[in-house]
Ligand code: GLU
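First, one chain by itself in C-alpha cells, the form predicted on its own.
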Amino acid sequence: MSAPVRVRFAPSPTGYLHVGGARTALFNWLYARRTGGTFVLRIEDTDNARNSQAAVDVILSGLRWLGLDWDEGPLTGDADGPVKGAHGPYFQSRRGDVYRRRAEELKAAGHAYEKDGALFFRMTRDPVTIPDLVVGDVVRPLTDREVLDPDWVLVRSDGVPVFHFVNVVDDLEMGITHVIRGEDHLSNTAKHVALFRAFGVEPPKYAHIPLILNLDGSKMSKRDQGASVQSYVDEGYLPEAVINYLSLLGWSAKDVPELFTKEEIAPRFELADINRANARFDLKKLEHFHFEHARRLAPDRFVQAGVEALLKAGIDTSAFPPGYVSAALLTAQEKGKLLKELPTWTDFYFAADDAVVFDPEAKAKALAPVAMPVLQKLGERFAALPQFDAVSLEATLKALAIELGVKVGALVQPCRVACTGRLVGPSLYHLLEVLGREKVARRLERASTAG
C-alpha cells in the first residue's frame, strides 16, 4: 500500500508571489485534494540578505486570496514535527538544528567532507536518471567541468546551508511523496536525487510542470504584465477567475468545462494530464474568465466585491442603505470585464444630484437645447406614475416617444445622460428604478436647465 500523498509549495520570500509560483501552489493543492493527501507550505528563507517578513506576508496573503489553504505546520521551535491543522507555515530559518544533524549524518557516512571551511557533498560520478511523471525519464550525465570535480557545497564556510541541501532535507523530514514544481528546477534534480540516496532513501516522485511564458514566447519576468499575483488583487480580478485560468495553463483533461472552481476541478486533477509544452499567458483570456465568473457570482458575493472595488476608487457606500447599494451594484453585474471598472458604471448612484458630472461628449450629443422640453415632459410623466418601477418607466417613456413622434432613443439618451452623466451604463429603466422617484426628478430638472 502506497504512503499517503504529501506535497509542498516551497517559495523563497523575495518580494512578490509570481504567477508561476501561484500555479505551482495550485497544482500541488489540487493534487493533495484529489488524493486526500496533505498540502504543506514551507518558506525557504535561509538567504537572510534577500528575505524579509514583508516578503513572507506577500506570499501568505496571495495564497489566502487565492483560497489555497495549507494543511499543517509546526507549533513552535525547530524540533516540532508536523501538526495537522496548525497554521504554519514551516520556515527553514528556524530549522537550523535539523540541518546540522543531517550534515553530521552525511559526514559520518562518508558522503560529505570539509574543505576550506565549507562542507562538500561527495557527488556520484555516474549519470543520474531522474524519473519524472511529466517529462519522462531524464538522464543527467556529468558535464565536462563536473567530470573533473563533481562535488558541491552543502554548507558554506559561514555556516549557512545551501538551497539544494535544505530542500532535500526538508522533503525527507516532512515525508514529501511528490515534488510538483516548475521545469526550471529540473536542472537541480540530479543533485537532489543523489542526496536522497546518500541518506539511504529513494527520492519522492517528481513532476516538473511546464513554464509560463509571455505571449511572444519570452520568459515571464516580474516586470511583465500579469506576473505578480498582487496585480490581480489591485486590478480587481476575482480569485475564482484567476484560479480557473491558471488551472488551464499547462493542464487539460477531457470533458472539462471552460468555467469551474478549484473545488469542482480537484476531483479530476491528474498529474498525467499536465501538458509537456510550455504555457503562454494571455491577459485577454484571463479577462474573459473574470467576466464570466463575475456574471455568475451569487448576488451577495458580487455586492461585497463591488463595495470593495468602489472603496478602492474612493467611493464610500457606507452612508447609503444596504438595499440601495445592492440594487445599484447588481444593475452592473454584467457590465465591464474587471471590478476596477465598476466605478465607471455605478458612481452616479452615489453622487449628490447636483454633482453628477456630465461627460462633455455625452452632454453635447444628448443635452442639446432641443432636448430640454423633452426632459421636462418626461419628468412630469415620471412624477405622475403610481408605481415607480422599471416596467412602468419603460412604458411611460415609450408612450411619450410615440406621442411626440420621435424615436425612443431621442428620449433614452437625454434621460440617461441627465441621470448618470454618460451615454452608456446599466439598463436605463432599472437604474431609474434604483435611483428612485425623487433623485430622478431632481436630476431631470437639473439637466433640463443645463443647456
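Keep in mind that this is a model prediction, so the values were computed, not measured. When you see a residue number, it is the position in the sequence shown, counting from 1.
Below, we refer to the form predicted together with the ligand, which is not included among the displayed structures.
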In this chain shown alone, the residue from Y113, W152, F163, Y324 with a heavy atom within 4.5 Å of the ligand in the predicted complex is F163
Of 102-110, 219-227, 178-186, 357-365, the segment with heavy atoms within 4.5 Å of the ligand in the predicted complex is residues 178-186
- Given that the partner is absent here, does G20 sit within 4.5 Å of the ligand in the predicted complex, heavy atoms only? no
If you check in the predicted complex, is A10 within 4.5 Å of the ligand, heavy atoms only?
yes
Can you tell me if N167 lies within 4.5 angstroms of the ligand in the predicted complex, counting non-hydrogen atoms only? yes
ask   = Any chance E44 has a heavy atom within 4.5 Å of the ligand in the predicted complex?
value = yes
